[in-house]
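In the form predicted alone, a lone chain appears below as structure tokens.
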Amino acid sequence: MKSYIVGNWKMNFSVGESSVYLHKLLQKTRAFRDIEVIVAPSFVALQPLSLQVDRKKIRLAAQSANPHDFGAYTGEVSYTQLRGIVDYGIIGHSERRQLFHESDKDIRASVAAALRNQITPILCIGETETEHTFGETHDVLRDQLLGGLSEVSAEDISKVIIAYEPIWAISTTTDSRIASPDEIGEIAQFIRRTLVDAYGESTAEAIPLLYGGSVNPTNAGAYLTVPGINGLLIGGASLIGDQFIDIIETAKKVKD
């Protein structure tokens, strides 16, 4: 299975800054057969960057999109409009769930919309610090996982990527702390068991599982060697070229 290194730029960089940064990444990044490098710029940068990017080296992802294909949704962008521009779409990120109140209904509709437009959904799941403290992690993750996949057919489930991103481990939260590889390993096993129960072992084992939460060049290697983890979803470190390149190179060393 491939490893996936995903950089979520969030609401950072102008169009010009995005172009310059992507140019530098392309200069310093090699094409890997067994590692997919993905960056998720803001909407305004996606179209011009799609003309600049070398897809043998780097693929583009949307940070979010509206699940409707078209219609009277002022200010929104659909997966239909992004078709041919991006290869991936980040769906259900904790910031979308918490800050923009995206519901489970919105998220599963977005997963279905991405798939019907030939865009690979990266479905994010993760619990809050309170849910973690009170032992509700498994219940929360099961609901988010199965809820987000409830409109996905058995034929399409292999086209989905899952990203575990505990909210309490994201560096932008006030109560953040670093998740240990052992903690992530236990959760990875639980997520994989849940997928096996729902889709069968052979299908579930083929679904990539990423980890995200305060990932940086120092801890990336430890996270990438956690059994069952197939890549990383990176926030702040993806905005710093040298750090992002270091993480990509670490992924290659782990893969080798």
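Each residue number is its position in the shown sequence, starting from 1. Values in this document were obtained by computation on a predicted structure and should not be read as measured data.
If you look for the form predicted in complex with a small molecule, you will not find it shown, but the lines that follow are about it.
Residue contact with the small molecule in the predicted bound form: residue 184 places no heavy atom within 4.5 Å of it. For residue 236, a non-hydrogen atom is located within 4.5 Å of the small molecule in the predicted bound form, even though that partner is not displayed. Of the heavy atoms in residue 215, some are within 4.5 Å of the small molecule in the predicted bound form. At a distance threshold of 4.5 angstroms between non-hydrogen atoms, residue 23 is out of contact with the small molecule in the predicted bound form. Judged by heavy atoms within 4.5 Å of the small molecule in the predicted bound form, the contact stretch among the candidates 69 to 77, 127 to 135, 91 to 99, 114 to 122 is 91 to 99. Within 4.5 Å of the small molecule in the predicted bound form, a heavy atom is found for none of 2, 156 and 160. Interface residue among 179, 170, 152, 141, judged by heavy atoms within 4.5 Å of the small molecule in the predicted bound form: 170.
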